[in-house]
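The chain below stands alone and is given in structure tokens; this is the form predicted on its own.
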Amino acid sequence: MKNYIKADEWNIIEEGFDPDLNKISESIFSIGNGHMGQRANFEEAYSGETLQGNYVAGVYYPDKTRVGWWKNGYPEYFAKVLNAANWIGIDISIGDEKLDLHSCKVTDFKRVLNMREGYLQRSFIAELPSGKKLAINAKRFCSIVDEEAGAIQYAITPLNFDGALSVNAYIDGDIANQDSNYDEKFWEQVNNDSEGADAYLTLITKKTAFVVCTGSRVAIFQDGKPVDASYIPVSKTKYIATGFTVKAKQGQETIIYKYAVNVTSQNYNADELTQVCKTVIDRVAAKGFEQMLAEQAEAWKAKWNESDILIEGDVAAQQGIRFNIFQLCQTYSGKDDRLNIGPKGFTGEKYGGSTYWDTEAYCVPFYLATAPQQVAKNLLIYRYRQLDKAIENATKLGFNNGAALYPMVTMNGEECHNEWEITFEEIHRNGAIAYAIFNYVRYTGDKDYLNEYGLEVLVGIARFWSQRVNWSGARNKFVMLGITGPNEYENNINNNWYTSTLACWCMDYAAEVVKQVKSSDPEKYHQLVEKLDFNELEETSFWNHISENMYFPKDEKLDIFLQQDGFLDKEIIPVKDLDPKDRPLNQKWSWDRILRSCYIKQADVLQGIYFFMDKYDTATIQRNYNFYEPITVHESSLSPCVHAIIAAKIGLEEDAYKFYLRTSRLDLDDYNNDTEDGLHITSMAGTWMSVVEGFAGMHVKDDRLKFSPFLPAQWKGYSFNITFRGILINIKVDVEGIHLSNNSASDITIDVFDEPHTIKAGTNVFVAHRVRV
């Protein structure tokens, strides 16, 4: 675990430059706006270890998979969001010396991610080998107002010399993904062009033929006045730069403004991209850096008003939650139902930037409560639009009659995961998608979604589960064989409790929704019956039969749900008894040793208990938590938040706080030694859940919002806003009790500790603390 980020409520601060931490910081200080993202690489040259990363949403490549493609049903490629043209580059030379932080002496280095206003600032003093010293102050952001644009303010001040500064402000498209199979590069040049202060580079992806035009414009100021520089174009394949030289005096600040734009063929005609790019650059450059920055601050203010969580008395916890919320808001705007959320967002290349089940299980709750309803809805529509591909994926594996298996990893709906035990066996992802539909309708009350989109998806998923089980004559029950559950430290096991529980719930829920749609919109129902060739009586009866006769592993002596058949054949050794030198297991042990151990990567049985908490009494939850948590290594970023929520539910407040702190600072403190690969964006939504669903006990039941809050001993108080069915509510929990404010024009009734409280529009209600039961 690292501990070099300075504690601050609104800023992420790094003081001093350590090359060994650079790739971690490149992840932590990443910026984005939902359309594009940028790791915290340096504008100037850096010849040290780095992961250069610029990403444009939705632009991907089907990289040939190295393993498994010869197996029937196995995907032929692994889709990955591509490292796109580097637009931030500003090479600085003084004579024949190039500014390179790896080869010069660096002092007074400070990097600040201003989360309140949405920009990255960096300052340092560099001493070149000749002894010349420069002070640099750089500021940049990806605009959430002009989402195709980014802007840089790069200030250079000679400290002990007069001389000429030679500058190349460049766009470099000759880049590759770090995880490229066979070291292949994925971009080809369409054209490049430079005119005066402008430069444009248009690239096309191999195979997928996405076209991206990246453009930039520079402006130079000294003593607050523009400098009329003589611009020299520098052009080579997949590279274009605007070169110029300016004279600078000791103590005189030279400011370079660089405005950059990414536009793609996803949104415009490919042959019009250069002109579109010029138009956008004209617009943002006319505003100027300061106006763009002011608009950025105002737009972030609105986002924070929707989504902020205020924690009093614990700076580390406050910084952690705001960092997580900040990165979630940078990653996904919800404006485009063709886009989804990759586990690393725009901060790295691990997991390919593709969509996993994380979105449905972890991200949907955050966007439901903190953004307009359409944002979460678009995440579900993304899956609806890929239903045909989900049916195709299932057909490849031998399923029929419209059975749908959503992919573990995807960009366009096709399965593209390259590990067989995940691709074929980790099928619980299907259930997460059905659960997200249920969660969306439960929270928003938008039952029309079921008529328009949801029922088709639910029928396809239920058909899959009904074919994936088989009847066991030995058990006289239906069973589920050859599964990998959420605990990926076990493969090819039978009767995973979580998967079987989720499968039965999916079939029950699909049958329930069939009745709802038939009753609420008979015309639409009959259209769907014809479209899906759906026999209601026959199919729903079979789903109910499976659900009523499913085998669920359980140990009667311990009175716990067994993770799968034979789990207690393992030697049960608590994690606390492991040698610390063996952690993390996935970096220290062989896979064979991990598979034979009792250790659990992330919540598995407890993931099911979290989803269906209302079904189980506190004693049942506590028995399962007490058994499984001590053997869970939490080597998945998705694990601590689920444990925090369950610990809060059963009154283990210290455990809840411990897991909250771990999930909120997972990347800031590099808990799992993997932050350099990129941030854990989807688990960040789990951090929000830890506070709102865990400490505040929020859930929805019978169309009503319910809370059962407690105040962690380490905090003086916490508060947050949520929007529920169009009503904005503020919940504040402090030492006195629970304060609820209705900041909307309509009344609302909310249950606190299972007692209803009607809060009239514009008024407040106070509820005293109680012991959770």
Ligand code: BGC
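Counting begins at 1, following the sequence as shown. Predicted model, so just to flag it, every value in this text is computed and none were measured.
Absent from the display: the form predicted together with this ligand. The rest refers to it.
The shortest heavy atom separation between Pro343 and this ligand in the predicted complex is within 4.5 Å. Among residues of the shown chain, Ala376 is not one whose heavy atoms approach this ligand to within 4.5 Å in the predicted complex.
Shown alone here, Glu653 lies farther than 4.5 Å from this ligand in the predicted complex, counting heavy atoms only. At the 4.5 Å threshold, heavy atoms of Asp358 reach this ligand in the predicted complex. Here the chain stands alone, but in the predicted complex its contact with this ligand, taken as any heavy atom within 4.5 Å, falls in 349 to 357 among 150 to 158, 349 to 357, 215 to 223, 196 to 204. Taking a 4.5 Å heavy atom cutoff to this ligand in the predicted complex, the contact residue among Ile309, Ala126, Met408, Ile240 is Met408.
Residue Ser636 is the only one of Thr501, Gln318, Thr264, Ser636 with a heavy atom lying within 4.5 Å of this ligand in the predicted complex. Of all the residues from 228 to 245, none has a non-hydrogen atom no more than 4.5 Å from this ligand in the predicted complex.
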